[in-house]
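Take a look at this single chain in structure tokens; it is the form predicted on its own.
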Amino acid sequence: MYAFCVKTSRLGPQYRAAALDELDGGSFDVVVIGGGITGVGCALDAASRGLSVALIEQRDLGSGTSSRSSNLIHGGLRYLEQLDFKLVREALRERELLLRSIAPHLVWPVPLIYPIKHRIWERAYVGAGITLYDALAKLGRSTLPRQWHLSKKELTRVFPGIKKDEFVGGIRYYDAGTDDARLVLAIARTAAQTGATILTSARVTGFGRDEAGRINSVEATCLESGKRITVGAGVVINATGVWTDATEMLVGDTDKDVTASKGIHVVVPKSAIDSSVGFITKTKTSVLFLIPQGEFWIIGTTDTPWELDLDHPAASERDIAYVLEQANRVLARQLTTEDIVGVFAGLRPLVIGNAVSTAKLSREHSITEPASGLITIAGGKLTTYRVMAQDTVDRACEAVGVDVPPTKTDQIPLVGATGYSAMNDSREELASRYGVTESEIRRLLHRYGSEATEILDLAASDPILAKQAPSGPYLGAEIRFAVECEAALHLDDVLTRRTRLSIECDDRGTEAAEFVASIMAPLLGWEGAAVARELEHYTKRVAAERDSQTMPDDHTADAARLGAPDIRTLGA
């Protein structure tokens, strides 16, 4: 068993068992509900200020909105049109911190083209906007290159696959890309290393109150064993995203504070689009992104209201057709459904305002106290998770009258960041030492940072761990590391979030499932029946997603997706 006086970033099965025992009957200064980007950010912020912290997540870390984004760390160029300069400047500062010091292994520069159709007024208008964007970035000491105006000839040189007669030129500028699921995971592990206790696969079912009616405990059920626990809390932070209202209903608050907006993305191979840069432009109802991501392109997105099952956002046939249609307005080689290797859908938690369209609702966060002792953080965006966490912990401590030092998370590198730059400079030497290609070293460094050598050492220790999973580049060692260090409990956790096999191959990861399960099984104590259940669940989940993508609209797609069982509910 781990002793919780020893801080660790290794969130394996033993850690989880100890965390479950620690939480049951234990008492913490802060209990965070929700293991998405906001929740883990709050856990890290609070723990780094010296508070005792517990985090409870009903499924897997980042399993909701936080692993289904456009994978961009950006200032929000389109928010300049809404004159939201504060939000843009704040986001650009956070972008630079992530690139430079907090997570340089998980966040990287991405060149983007904003196309121009009108030579004079549009170039002047867009150019002025991006000039302001760059200026705000420089206030945050940005190290990214400034904008560059492109003629039509220059545009077609950097983006040969573009429709040449559609545009008269463009403006190249930079934002940043990430792997959102791995960013969430790194923050959670850093929070644990700082002293937070992290418990996944446990659903909050209620709250306890003291004689004055103030919330002073959280009741939860472990979805792996069915064990019920009660955790004492000085203050509770509700960071459940689109589940915000459902969580607040447990304290009798029936007001609707958050609405869900669905965004879907399709994934196509790198070879499907002839370009060395990404692409962004506005559509009638959303924004079109073509984002390079390793050997693939992520293309999205939509922005439509979602009022169905929050656990199962589903991409419909209409959604996919819309994204392809928008992309094909730009691309000379027309994409079809045959090009698609993956599809994913996520829900944005938008703070309700007076706007009619979800595309106009606030991406800024709001912090409320729906009941004494319960602080809710809602809204916001991936890029500004650290600011959201700081504001929330400040408010929570103020609510209970606790003095804490200012946040210092802007000075805390995430797990894998320390030593990353030196390793990145030594890729050739590492490749020679481990007998792998330099591109493989680069891939591992972008996923694990300075922990990449731990993966390589594991691979060198066992031929099975040195093997690649079918249909993908991921090593058996990465699967083992996911279980022993990254809190993976189920096949879906590994195939969908620790790796991206579920969206990076035509079979959606089903071919790799047995290989992955064979490595996970001895580490998690799965016997034959448990392995069969994991494989069956994953196969049904993939089938349900494929079915939903052939349904015309959200209602039919949602019904199709619900054909897949929730393995954590089964486990309870």
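Fair warning: this is a prediction, and the values are worked out from it, not measured in the lab. So that there is no doubt, residue numbering starts at 1 and follows the sequence shown.
Another form exists, predicted in complex with a small molecule; not displayed. Remarks below refer to it.
inquiry  = Among the candidate stretches 23-31, 63-71, 530-538, 515-523, which one is within 4.5 Å of the small molecule in the predicted complex when only heavy atoms are counted?
reply    = This holds for exactly one stretch, 63-71.
query = Which of T301, T376, T496, T190 has a heavy atom within 4.5 Å of the small molecule in the predicted complex?
reply = Of the candidates T301, T376, T496, T190, T301 is the one lying within 4.5 Å of the small molecule in the predicted complex.
task = Identify which of R447, R172, R480, H265 has a heavy atom within 4.5 Å of the small molecule in the predicted complex; exactly one of them does.
result = The option sitting close enough to the partner is H265.
ask   = How about A54: is it within 4.5 Å of the small molecule in the predicted complex, going by heavy atoms?
value = No, A54 stays farther than 4.5 Å from the small molecule in the predicted complex.
message = Although the partner isn't part of this model, could you tell me whether K381 comes within 4.5 Å of the small molecule in the predicted complex, counting any heavy atom of the residue?
response = Because a heavy atom of K381 falls inside 4.5 Å of the small molecule in the predicted complex, the answer is yes.
inquiry  = Residue-level question: is T247 within 4.5 Å of the small molecule in the predicted complex, judged on heavy atoms?
reply    = Flag for T247 set to yes.
query = So in the predicted complex, does any heavy atom of A47 sit within 4.5 Å of the small molecule?
reply = A47: no, not in contact with the small molecule in the predicted complex.
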